[in-house]
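Taken one at a time, structure 1 and structure 2 that follow are two forms of one protein chain, written as structure tokens.
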Structure 1
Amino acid sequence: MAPQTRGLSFPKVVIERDSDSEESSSEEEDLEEEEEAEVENDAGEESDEGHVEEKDEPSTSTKSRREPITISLKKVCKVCKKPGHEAGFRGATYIDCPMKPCFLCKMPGHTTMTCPHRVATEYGVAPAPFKSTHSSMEYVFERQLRCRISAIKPTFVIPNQVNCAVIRYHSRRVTCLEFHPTRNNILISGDKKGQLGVWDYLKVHERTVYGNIHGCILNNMKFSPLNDGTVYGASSDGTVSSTDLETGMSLTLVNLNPDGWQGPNSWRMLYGLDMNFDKGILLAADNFGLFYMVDTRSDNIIGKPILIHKKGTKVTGLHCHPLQPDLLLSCGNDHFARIWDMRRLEAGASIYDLPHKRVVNSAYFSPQTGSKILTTSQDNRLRVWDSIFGNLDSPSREIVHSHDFNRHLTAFRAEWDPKDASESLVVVGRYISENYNGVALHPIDFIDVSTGQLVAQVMDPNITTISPVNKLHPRDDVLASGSSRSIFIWRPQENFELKRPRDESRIVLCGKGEKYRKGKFQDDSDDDLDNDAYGSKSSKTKKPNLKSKARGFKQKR
């Protein structure tokens, strides 16, 4: 059955003639206005381009009048590039392209609004049996690692209420977040401009942004194992930096573009970053599929770069095993996640390759035992392998989740809860918005990956932007989320009510004019089209109106 097209009325632009004596150069120009008017009246009917209906020649006196020229702007679908229909967000509703399958699950036969995965996240997800290989690795797993996993799954504690926030903290969108390894109240953040922010979210107003660290996107950050006051950063300017958080002094450890810009074919950008704590080696990977090892003591690259993913493709992430740092997990734009042994690291020598259908945004070992693997792919799938010592030919579970985006956003990454002893709770932002009391909101989802069940979806009616960057605290029941240029701290509601008085100032507004529009925490970043239902810019400045979840907080001026 041919797809049904929607009849749409296209906007018109009216152009006034410059002078009374100006005349059209042909009969087609004289009749263009009448032709476009007929097209507008026939909703849903297509007309041949360039077709001109015959009509009587207007008189000379009629020609000499100042008559507007009406131009019809015919829109085309952004997905299939064909006219007659549109696809995308309309308020909180996502309209699918009739030429394509469901945007959420990528399967034909239904739309995103009627997708069964939208109704129940765990739809179609069945726990896979443990795939035994009867190998020595399985024996080691059962004797040494299985005993570390709690047999009784604890009750999940979900941070579900905004405790404090800094609105328009960064000058561009937030790209990465890290909690301080020893100071529980310190959050480190990076943005698209290369800035590094240090925020004490207990004192709320104590915040610092260092703008001289990198020239462009700060993609990843890791703390030094020897000095918790030093943080390493990998940037799209091709450098790895070491920054002192107290002074903001930065030292460049690696510069892959010493000669500056030589064209897109030679410009190297660093994305993946991790630390091998046993050896004290910093690991980084670039957009050409190459892997680098950096000695943090001598600030030099060890050996030659190693090709760990397809040549010319971006390596999006690196993660060392929490118990055996010589085991390395990488992922990239070549649709693979790969497991490596750093003691025998060379091109094509991966221990195992985990195929995906599209780009892999992230891949992580589980935080307690490292026996599980969690990946986030652009095909709207979270994939889980229950045991790295079992059969890795196929994932134990595939969970459909909305994180395939087509905007200027930081990539979505599902991350483990480092405090969960059962290694089953993950947090990930959602792309497709939902209608909550007439407002389009993008929740942050907590998912039990052992069953595929949606445990909780947290949101605030004042946050109408998308939250792709989320980080759970390694020791406290705290969630930090980066939404456009703002950062929010979430805590469980019961603790929030008991420990934090309502009259304490917990919301800080930054940015030009400290504008606060419509009572929403909206950002006006020039590269983030996060808000579906409302415009991101406004010429009016409105007084603060902290309602709903943030009601009662005082604004700092």
Structure 2
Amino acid sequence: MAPQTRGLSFPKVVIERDSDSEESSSEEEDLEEEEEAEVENDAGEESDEGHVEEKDEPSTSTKSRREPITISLKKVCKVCKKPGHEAGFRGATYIDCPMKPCFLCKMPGHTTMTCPHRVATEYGVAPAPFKSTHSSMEYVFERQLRCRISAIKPTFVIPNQVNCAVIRYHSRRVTCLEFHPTRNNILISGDKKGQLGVWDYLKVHERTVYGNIHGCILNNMKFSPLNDGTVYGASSDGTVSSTDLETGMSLTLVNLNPDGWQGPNSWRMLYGLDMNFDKGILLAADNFGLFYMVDTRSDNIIGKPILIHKKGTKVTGLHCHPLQPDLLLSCGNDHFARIWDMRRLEAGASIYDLPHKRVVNSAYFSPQTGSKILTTSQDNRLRVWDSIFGNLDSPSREIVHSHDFNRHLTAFRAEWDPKDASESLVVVGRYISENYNGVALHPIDFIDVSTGQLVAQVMDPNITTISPVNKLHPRDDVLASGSSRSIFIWRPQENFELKRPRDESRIVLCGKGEKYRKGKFQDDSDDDLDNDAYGSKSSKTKKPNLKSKARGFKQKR
């Protein structure tokens, strides 16, 4: 395995960040120097010592003077619009704007690069070794060391290697994943278009996508506890569906927009979905703060909708307690997670309100005893309440973790490991990237929420996109992750090294792969063809390979 360049890139970066003048930075990297020289040449040709303001000239005058619209020649930070520094990728390392609060922990005074939370997940949760230090170098060093150590606790088995995948499986980004409750190798997936995928990841090539179930985002899915061939879905088209996985036949149980599109103020979207198996009713919640109970036999909404979150705000999730059928957990855009008693479900009657600083993407009871609560909030913090029977006034722990909101990404949701008897292992995708061998990768983090420690961070050189959707298998040591339109299955691998050659027959390439196939491999028939998109050694066709795909990576030539 090639020596890691992490060690090289970070110190360099730190030096550059602190420099105000561009000259000093250019001593460091020839690459940068070249780029900047070019820019300045262009500037000369245009013979306009551009002021930023110039670009606002009306287009007519610009035309008459035959001058191209002046680009601000003074380099300006794209974040704060001030000169003297620039935010953005330098190679595979992202440089924050120093004028803004830390992108990770949202506190002012430092950048992501030197954020103590980036060094140690448990910073601020439990004493961390470098807690009182203020030297960025020390943080950086600590980080490098940390990555070398395989931080896998013996008790936790971490699926750390991609075992199989379907690349560009869905036609839009993946929004949710569920493992089949009884058939071990079946994974179902929902996407932004409302389509539902069924994939047998053991027989890698066996997969289907059902397209006619929903009109837009499939936000949550839930298997029927009575019939595991049936799955329910809640969608932003305002419907709850019931789909037979074998046939793809789908029924609409509920439609909250029977009159069609009447404008955004009336269009109702369903997000949260769960099933109360005790009563045999489906629970769903919408973007106006309302909660619905659906009788799956009569397909009727039971009673009137109940306002469970601030009027007009989205309820992002619902979760029934695994043992106490009367307990319900909800979360929403009003910055609250709420615990409810199903027997007394009415507006304002929540048992507890758990406040957050931002939108709450998800809230889950712990999977086995249901005594803990885990929430993911857009303030970049995971919160854990250790006992719902104890003091709920404040969370037992807040763990700073990068899972920011981005309108183009599926919202991150930290998920419990359903197999972990200690109910402490959690998986969650990471937004900010790490520079790995000059490639920006977004790992999937395994966090021990009892300590806040990062147990493992898994990544693959070929997955350069963010993986906001993750699910751990209820029985097997398997992780499923959804990243953009693709789905990956991870399994544990000892002595795992990134870049290890892998079994390419277990990678299915869909969609645009066809193009490559026609051009380069005049191969046949159907898209089950194994491509080398994933491979390390293979031909020049490959876009998705490290270098070409790496963000901001400039190939030296």
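Numbers given to residues start at 1 and step along the sequence of structure 1. So that the term is clear: the rigid core is the largest set of C-alpha atoms that superpose within 1.5 Å between two forms. Keep in mind the model is a prediction, meaning the values are calculated, not measured.
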> Of structures 1 and 2, which is the form predicted on its own?
Replying inline: 1
> Based on C-alpha superposition, what is the hinge rotation angle of the smaller rigid part between structures 1 and 2, rounded to whole degrees?
Replying inline: 25
>> Given the rigid core as reference frame, how large is the C-alpha shift of residue 81 between structures 1 and 2? Answer in angstrom.
In response: 6.4
> Once both forms share the same rigid core frame, by what distance in Å has the CA of residue 405 shifted between structures 1 and 2?
Replying inline: 3.2
